[in-house]
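So this first bit is one chain, no partners, the form predicted on its own, shown in structure tokens.
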């Protein structure tokens, strides 16, 4: 007889890694986590040496739900023999490279995770879900989607993607010569700011940097105490219960609670600009173009010409264009058989109180969605802040009883 798992999770980023860590503590729970890559990787193209978390390290895979878990960030530091030194270092924020090491450590430790398995399809059979890949399949009562978000590329730039025009998520994965070249960064959020800072600190920096953003300025993230209550479970539930129009309005109002630039990064960039322009004499070396949008792109014999519309329309010539234009959620291709049966609105998929998707037809279990419901659950959904809480909500739903206090 075919073994039927309680759930099968697809994708092993932080979201489903949290699910795996919390689920590992539950007796008699049969879960399997499938990941196409050969190892865990958390935005490897953006693991810049100076980049830090924008949240507390206690907002890890498990701590806010189960502080006693052996998969906490503190447990990782202790296991690696660096807990005392970490505390003594007094980092103002945790380096993202270290948090990535923590995620990799957890992924190697949890037995339910299988790497190198690329799910090709999900279908139903006798009320259960069947997940198939090239050389195998599993059957599960529930499915948890945790495949992450997809890089967003403006329509005018899609035909030109290449080794010199690419999304920011590929920044460290593409080796290229930037010395004495004109570089343009498009996007005024945290990723764009971190890349600009990194470019400014290169031993042999670019000849010039143009930084283009539709935003009215380089705006800081709102990290004040009352704003941070948007990242509480209670507020997320309150947001989820609002009418769709109200949720849409609030998302616009709360944009900079999650999508601004942290103050330390802005201060670093300002100081670097001062050093380059005032001390080294590189006048107008960093050009800031706010309230501006790239509307067109043309290939030149050497480099690219961008058509920029803003307060002062301009043609910007560049050798390298880095698109820090964010991410969007797309239902993965392997869901093509079930996609027509999923309820949708103008804002996106209909996501329930337990993060399950509304699926018509007969099924014993449910399809749950991780990190794809900002429209339904608010600004905290793609953030690490509610990572463990969301996984606990999903596990409680799969188990059919309140294993975790949510």
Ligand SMILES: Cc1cc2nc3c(=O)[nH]c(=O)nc-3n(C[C@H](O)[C@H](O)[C@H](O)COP(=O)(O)OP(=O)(O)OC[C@H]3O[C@@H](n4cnc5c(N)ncnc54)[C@H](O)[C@@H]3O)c2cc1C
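Residue numbers count along the first chain shown, from 1. Values in this document were obtained by computation on a predicted structure and should not be read as measured data.
The following text describes the form predicted in complex with the ligand, which does not appear among the structures shown.
No residue in the set 212, 239 and 325 has a non-hydrogen atom no more than 4.5 Å from the ligand in the predicted bound form. With the partner left out here, the ligand still marks one of 67-75, 273-281, 176-184, 111-119 in the predicted bound form; by a 4.5 Å heavy atom cut-off that stretch is 111-119. With a 4.5 Å cutoff on heavy atoms, residue 26 does not count as touching the ligand in the predicted bound form; it lies far away. In the predicted bound form, the ligand sits within 4.5 Å of a heavy atom of residue 147. The ligand is not drawn, but in the predicted bound form it has no heavy atom within 4.5 Å of residue 373.
Taking non-hydrogen atoms only, residue 384 approaches the ligand to within 4.5 angstroms in the predicted bound form.
None of 349, 338, 32, 55 but one reaches within 4.5 angstroms of the ligand in the predicted bound form through a heavy atom, and that residue is 55. Taking a 4.5 Å heavy atom cutoff to the ligand in the predicted bound form, the contacting residues in 21-49 are 34, 35, 36, 37, 42, 43, 46.
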